[in-house]
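In the block that follows, a single chain appears as structure tokens, in the form predicted on its own.
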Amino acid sequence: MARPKKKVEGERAAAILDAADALLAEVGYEGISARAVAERAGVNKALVFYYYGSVENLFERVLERYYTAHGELLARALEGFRRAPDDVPLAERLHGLIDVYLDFIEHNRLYARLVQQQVSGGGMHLHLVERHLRAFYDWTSSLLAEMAPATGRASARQLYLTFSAAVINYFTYAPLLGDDVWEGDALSAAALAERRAHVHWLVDTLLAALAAEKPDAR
């Protein structure tokens, strides 16, 4: 019995998207081509253009898929943060929020690299990066506004950038830290657990500093 045409087309389109994702991790955007994607996906090169129009559009779809998954996870985490019982300490709720972010980056390590490539190289998809960055910034800074002022050294916007960098930058530099620097694999399970504990400590330290700050000194 023949398989439904829509199902076959959906599987082909998904295979092309997955192939592009895998190749981006291996060779980066500059090294990717429609032929290479087609070969990895096991389809004719013409189908890459049929489903996505161009390699540029295909890359945008890969990036958009990461952003969609990231946004959905973050939205659920923020909702859980807001609905947490009053007796759950703020630090514990923030740890949970940070853990969602860490989990996503740990399992989608290409995501941070793709975004940074676009920013550092002035890529053609900066509009996509800017749109999603603004959404994430608005969500998290509004949340942090409950504990921090709008401007100043301890402001919500500064905390957003600090927490974001603490998560993403580790995965940028960890692959470059060899045994002579890190004394082991910086991306091993033990190293990632250590990093998570460090970010939790950073949250606790900043919360303690915020609690000790006088309003007029912020």
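The structure displayed is predicted, hence computed values, not measured ones. Numbers for residues come from their place in the sequence shown, where the first is 1.
Keep in mind that the form predicted together with another copy of the chain is missing from the display, and what follows is about it.
- Although the partner is absent here, residue 121 is a contact residue: one of its heavy atoms lies within 4.5 angstroms of another copy of the chain in the predicted complex.
- Interface membership of residue 195, defined by any non-hydrogen atom within 4.5 Å of another copy of the chain in the predicted complex, is confirmed.
- Taking non-hydrogen atoms only, residue 159 approaches another copy of the chain to within 4.5 angstroms in the predicted complex.
- Looking at residue 13, you'd find every heavy atom of it more than 4.5 angstroms from another copy of the chain in the predicted complex.
- Contact with another copy of the chain in the predicted complex, judged by any heavy atom within 4.5 Å, is made by just one of 169, 44, 188, 54: 169.
- 126 is the sole member of 105, 126, 147, 73 with a non-hydrogen atom lying within 4.5 angstroms of another copy of the chain in the predicted complex.
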